[in-house]
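Shown next as structure tokens: one chain only, the form predicted on its own.
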């Protein structure tokens, strides 16, 4: 197995928009949780190697990717360096750490407020083999950061980014959101201009989604605050596309950009700084997962772990794999998910990858559907792949529905 997701569910404060499996004020559980996570990794069977895929020149397939380990959350940067080291030692049995792209999500406020000085902590991450850092900045407007419940300021976000560069990180991703409460087009223009000036290696920009059971959802639906309408949010997205392209960023996935570096591309339309772990998701590859609420995918099934931290720890302490549910997947599910996940990529779904992943030819499986979507101007194709047109990217959900 070449890909592993590790969920760290702890936060100092739960953001007002967050619907992930995260918990605030449980710092006293972290040490026990790390022990349980390492024990779960020891319980995971090493799956048999999948059938060999050909790494065809110029074609994006699962075989194109490096092995990956991704620390997500929650706030993984709340863990100490020794705790992260123990987890990576346990993970190495499943994914060789020295060969992997190892990513860690971090909150700027957590890094600056940690017991270990931020620069020392960042250098320590590098020494452990964590080479890719994903900073959850979200916006550079302090009033909006407060509305979102973030624990950092814009100045602290920039300070953290500069410290990561000073520490030696050469692969830094920044997460941002648009369509935020009270956000104006001018606010977003200023954010995009600042991002370009910082020159991160990778950017993710997501439109705010109001999730039920979150404080922000309640505030908006009660009329206490308002969010930009769809037209304004769409204009913000288009502005990011235009300005980041002018600045040399390659828009390789609906919500993701990476610098078009001098390093070799993974494949046409896929820059070297693309997040390889997320590419594994978009290619519908298999991946293991561990941690409370973590979701794994090993065809023909997917699974997710127990969500509650204490229940998760207890299950592992009893020597049990802490799986909450396993969901069987049919071959039709495999084909459909390979299509609607892969079409998020600007490189699209290659015929080679589809055949290798699904065991059938793309045109034989979806020929009529592809022809219909192409006639509507939503899909295009070349000798290697099918992919969304510019119009198709704006109407992506309409396209994806054809494969659900």
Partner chain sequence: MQDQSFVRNFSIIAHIDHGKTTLSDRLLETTGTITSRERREQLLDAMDLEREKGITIKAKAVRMHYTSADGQDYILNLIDCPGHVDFTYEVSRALAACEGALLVVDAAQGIEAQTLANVYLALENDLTIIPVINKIDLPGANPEQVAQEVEDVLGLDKNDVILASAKEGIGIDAILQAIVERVPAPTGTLNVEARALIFDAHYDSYKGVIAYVRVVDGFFRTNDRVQFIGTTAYADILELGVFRPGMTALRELAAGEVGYIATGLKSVDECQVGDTITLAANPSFAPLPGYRPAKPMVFAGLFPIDSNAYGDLREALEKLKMNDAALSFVPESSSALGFGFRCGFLGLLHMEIVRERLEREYKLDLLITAPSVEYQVLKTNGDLIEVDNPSEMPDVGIIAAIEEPIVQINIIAPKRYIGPIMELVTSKRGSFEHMEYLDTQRVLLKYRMPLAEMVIDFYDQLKSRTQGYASLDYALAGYQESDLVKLDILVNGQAVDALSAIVHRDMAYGQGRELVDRLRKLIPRQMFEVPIQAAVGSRIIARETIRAMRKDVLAKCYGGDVSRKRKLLEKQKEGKKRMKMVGSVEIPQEAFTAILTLGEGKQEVRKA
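None of these values were measured; they are calculated from a predicted model. Numbering follows the first chain given and starts at 1.
The next section is about a form of this same protein that is not shown, the form predicted together with its partner chain.
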*Selected contact from 153, 83, 255, 159, since only one has a non-hydrogen atom within 4.5 angstroms of its partner chain in the predicted complex*: 255
*278, 308, 259, 171: which sits within 4.5 Å of its partner chain in the predicted complex by any heavy atom?*
278
*With the partner removed from view, which of 60 to 68, 28 to 36, 354 to 362, 332 to 340 is the stretch that lies within 4.5 Å of its partner chain in the predicted complex, judged by heavy atom distances?*
332 to 340
*Are 207, 231 and 302 jointly within 4.5 Å of its partner chain in the predicted complex, each by at least one heavy atom?*
yes
_residue 13 within 4.5 Å of its partner chain in the predicted complex, heavy atoms_ = no
*Contact flag, residue 295 vs its partner chain in the predicted complex, heavy atom cut 4.5 Å*: yes
*Touches its partner chain in the predicted complex: residue 217 (any heavy atom, 4.5 Å)*: no
_Taking its partner chain as it sits in the predicted complex, is residue 287 near enough to touch it, meaning that at least one heavy atom pair lies within 4.5 angstroms?_
yes
_Using a 4.5 Å cut-off on any heavy atom, which residues of 382 to 401 would contact its partner chain in the predicted complex?_
391, 393, 394, 395, 396, 397, 398, 400, 401
